[in-house]
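What follows is a single chain, given as structure tokens, in the form predicted alone.
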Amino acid sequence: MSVRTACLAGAVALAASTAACGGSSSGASPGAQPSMGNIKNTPPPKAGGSITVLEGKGFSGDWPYGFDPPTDVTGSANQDFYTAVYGQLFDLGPNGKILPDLATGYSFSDGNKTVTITLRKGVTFSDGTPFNAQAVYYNWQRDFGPLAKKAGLVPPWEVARTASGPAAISAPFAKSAVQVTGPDTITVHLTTPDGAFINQLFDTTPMWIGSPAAIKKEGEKKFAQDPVGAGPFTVVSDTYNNQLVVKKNPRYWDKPKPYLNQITFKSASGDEAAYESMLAGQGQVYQDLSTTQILNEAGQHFQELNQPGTSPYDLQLNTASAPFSNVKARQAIYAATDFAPILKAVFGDRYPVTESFTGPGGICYEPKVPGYQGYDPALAKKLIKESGLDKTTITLGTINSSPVAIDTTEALRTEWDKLGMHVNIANYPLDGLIQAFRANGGKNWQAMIQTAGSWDPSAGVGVGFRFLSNAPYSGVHDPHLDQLLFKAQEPTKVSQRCPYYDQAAEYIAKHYYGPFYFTFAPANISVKGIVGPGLTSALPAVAVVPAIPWQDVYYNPSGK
């Protein structure tokens, strides 16, 4: 393809506010340490027991498409369910270390254009069929096939395709592109260097492997509701958008894990409802808590883990259509926005302000960007008149499941109204937000408040997700910016990648492509006795919050 695309495999899920591909960059440490809240001593591992995990409705608490990776439009929002049932080829560990799971290793060759993945020997799916390179290849064919194309989930790997030109982006990969090179090895031949390829697998459809035998036997609809993987748990029952119950997989490769006998994932209407359920003993874990008032008191009753953010909020401006095809209108938005008082009043200064797509919990963190247009109300009033923003109504959208995003849009409307702009707020459910981005070839929407970052900027809802030309959730179409971002993901060494990201951040600021606000990082709360990575110890976040390796979670309320 003439222009590379964003890391969007499975990431359509994250069009909302959190998202898709995944990643770390080998050998780097995050820029800030987490606040462990009131978590001090943890009890020793204990096998057995059951827990209920509450999932916020409108995002992870809704799963209308089931759990077949190439057909689930809301994919990465459902990462809890996927990691429980499918496991992952690799896990993203503390400080971004890539840990073996169903795959044991990988290697780059040919100038980072060839990636070979070695799979774990002797693993079986929960139905007893073999997990091997042929099974992975079968799944990856589906990930590039018509089902994924229909759902808009075709992985944007830079590989040879069966079509060329504009059709290549949604065409299956050529036989030469992905090859089974041994019973337990599979090789991907890229057309361009990509040292971040493994990082970009996290939380994407190619990371989650289903049983080919079960897929063929059950068919698309049944498999989506009763998926079969090689992960630590198997599905007991699944009531869409309400409750998923999973039990310990007796065939799981890493015995004695998983520790828990059963997990019930249950939908909650929001932070307040989930918190009340926790207080009533109806849940042991709630992730993604972001309501400031509840956060301020949650530590009195529960274990609370706060981690440094990796996903800054960005005001996306659609440069493909009016009014933000006009550079003066875009600059006016920068000059009209004073986020410091909003952060203090709405969020209690809980999150750090940033001027780029990186956060303190990730690599290449750059909070101050040269040439960034700051708050200047006099300049804003001048630009608003010159660009005609005072004669139009701006539609500002966000996801309706996030109190943070909703509060921010309301605060911004108040701020902009005082300077002569008129704003209409549109709050969407996850699926509706996805459709709003994609309508009319991406030309209908005007402005969206979304997250635009990941632990590794090349992955997840990273910079490419919001700023690459061919990304369906981008408002920017600039070949020069594309090339900067492509160069940034080619090396494997972080020291060689960060300078390109610094240049990209400065270029975005220079062209007023979208102001950044603060680096959001919701908290995870759990009852005493729960222990696990991402719940009581730090994990980097690919899609705003970390993917929990549920095989490592245990519940020991007695502490003995």
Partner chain sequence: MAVPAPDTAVLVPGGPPLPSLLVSDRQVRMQRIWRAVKLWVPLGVVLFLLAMCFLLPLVVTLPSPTNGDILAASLPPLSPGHLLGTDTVGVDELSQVVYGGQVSFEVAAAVTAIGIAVGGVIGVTAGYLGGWIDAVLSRVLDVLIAFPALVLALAVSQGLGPSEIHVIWALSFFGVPVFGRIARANTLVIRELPFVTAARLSGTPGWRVVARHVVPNILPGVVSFGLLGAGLTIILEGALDYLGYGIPPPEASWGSMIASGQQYMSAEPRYVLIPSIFLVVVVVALNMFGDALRERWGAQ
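Positions refer to the first chain, counted from 1. Nothing here was measured: the structure is a model prediction, and the numbers come from that model.
Although not depicted, the form predicted in complex with the partner chain is the subject of the following passage.
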4.5 angstroms heavy atom contact with the partner chain in the predicted bound form for residue 177 = no
Residue 418 near the partner chain in the predicted bound form, any heavy atom under 4.5 Å?
-> yes
Could you tell me if residue 341 has a non-hydrogen atom within 4.5 Å of the partner chain in the predicted bound form?
-> yes
Contact between residue 393 and the partner chain in the predicted bound form at 4.5 Å, heavy atoms?
-> no
For the spot marked by 272, 291 and 407, is every residue within 4.5 Å of the partner chain in the predicted bound form through some heavy atom?
-> yes
Can you pick the stretch from 189 to 197, 342 to 350, 209 to 217, 376 to 384 whose heavy atoms fall within 4.5 Å of the partner chain in the predicted bound form?
-> 342 to 350
Though the partner chain is not shown, can you say which of 483, 440, 162, 414 has a heavy atom within 4.5 Å of it in the predicted bound form?
-> 414
Pick from 254, 110, 276, 127: which has a non-hydrogen atom within 4.5 Å of the partner chain in the predicted bound form?
-> 276
